[in-house]
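First, one chain by itself: the form predicted on its own, in structure tokens.
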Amino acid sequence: MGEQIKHFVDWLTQPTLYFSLSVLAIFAILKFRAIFSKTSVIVAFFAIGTAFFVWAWDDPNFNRIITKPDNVPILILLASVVYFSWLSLHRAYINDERTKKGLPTLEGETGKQKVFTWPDLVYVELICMVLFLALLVVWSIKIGAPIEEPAAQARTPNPSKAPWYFLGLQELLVYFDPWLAGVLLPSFIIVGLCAIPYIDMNPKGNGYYTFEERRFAVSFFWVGFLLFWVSFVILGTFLRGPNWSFFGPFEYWDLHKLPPMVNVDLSTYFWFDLMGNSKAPADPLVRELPGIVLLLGYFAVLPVILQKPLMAKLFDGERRHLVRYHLMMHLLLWFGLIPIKMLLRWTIDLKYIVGIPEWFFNI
């Protein structure tokens, strides 16, 4: 029975299933937030999670990953993310219900109560500082610092992983050209974060938790933060092993596991498999025409199709907000290209939608 559970967990953590189930879980939690925001749900989650860790602790492969000094703070980080994400949803649901009844929000009700910085706040900060100092002392004694031997060009670690906060970028390098994964997409993330206050026209939800009044913003944040940051940290930390291959939590990290590299470009599928040609056109623009047409339709046609419903919902349909709308859609479409490209790589082994190595242009 125990081995069957381990095989089932390894099967669930395959990249396609892992990613698809993560998407479904986020949308299910937001859709049925009345159920998932209950205190009993988070208590049950941590109880089941703790029981699972205690049960799996004896497995050598699982134990080796979990007890690695680099991974211990990531486990604490993930537990904190789960709890505070639930807490925000819990308070948002309560506020939405209170608003429907004509009552003030929790923040509006408690905001009227004022306390002094000294001694109330300073005492609390002092106690927290002492407790965390004691925790760090015990941590530094019990868990060894993850300091390895000096770097040597002739002997590199396998796998070679970036720090946890760069694992998302390292994962993107698997699916995109380096200039896209390392320069363009991170730049769009920074620009998008800077542009949020100018794109979002909804003044509600400032200073209090809510979901009903900020459905798009909260949903987008959950998907972006939990799916494309937290899930990438989990994937890169616990599921990526030697040779950057995928391994289940209970699977042995075999150095000789080398999945066949059969990734091909979209042009290969089109000219060889679909058209039945013996070779692709020599002109790179003609050869990559199917991918170029798809990307033009994705970035140019899709915003026009979605303009009417999204403009009416997010910007009250006013044409003076067209620039704001298209800027938002451009950032969203680049954001959506990430899961699309990942799923295409995992399912049909697609390497590039447009691959022109002669010009160093690969998407």
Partner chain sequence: MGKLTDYVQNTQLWKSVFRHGYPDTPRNRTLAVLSNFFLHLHPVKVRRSGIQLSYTWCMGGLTFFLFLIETITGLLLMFYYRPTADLAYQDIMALREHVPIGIMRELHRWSAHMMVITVWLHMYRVFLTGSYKPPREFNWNVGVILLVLTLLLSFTGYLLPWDQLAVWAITVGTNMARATPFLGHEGPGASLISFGGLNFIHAGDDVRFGLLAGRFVGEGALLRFYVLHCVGIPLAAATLMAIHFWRVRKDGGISGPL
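If you superpose the two forms and keep the largest set of C-alpha atoms that fall within 1.5 Å, you have the rigid core. Positions refer to the first chain, counted from 1. Everything numeric in this text was worked out from a predicted model, so none of it was measured.
Another form exists, predicted together with the partner chain; not displayed. Remarks below refer to it.
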**Asked** Can you pick the stretch from 216-224, 276-284, 249-257, 289-297 whose heavy atoms fall within 4.5 Å of the partner chain in the predicted complex?
**Response** 216-224
**Asked** Since exactly one of Pro69, Gly49, Gly336, Pro309 fits, which has a heavy atom within 4.5 Å of the partner chain in the predicted complex?
**Response** Pro69
**Prompt:** Using a 4.5 Å cut on heavy atoms, which of Thr237, Ser245, Ser88, Thr99 is close to the partner chain in the predicted complex?
**Reply:** Ser88
**Thr268, heavy atom within 4.5 angstroms of the partner chain in the predicted complex** = no
**Phe188, heavy atom within 4.5 angstroms of the partner chain in the predicted complex** = no
**Request:** Considering only heavy atoms, tell me if Tyr208 and the partner chain come within 4.5 Å of each other in the predicted complex.
**Result:** yes
**Partner contact for Tyr198 in the predicted complex: the partner chain, 4.5 angstroms, heavy atom** = yes
**Prompt:** Relative to the partner chain in the predicted complex, which residues of 50-89 have a heavy atom no more than 4.5 Å away?
**Reply:** Pro69, Asp70, Pro73, Ile76, Leu77, Ser80, Val81, Phe84, Ser85, Leu87, Ser88
**Message:** Please state whether Leu103 has a C-alpha shift of 2 Å or more between this form and the one not shown, with the rigid core used for the fit.
**Reply:** no
**Message:** Taking the rigid core as the reference frame, tell me whether Gly224 has a CA displacement of 2 angstroms or more between this form and the one not shown.
**Reply:** no
**Displaced residue check between this form and the one not shown: Leu121, CA, 2 Å or over, core reference** = yes
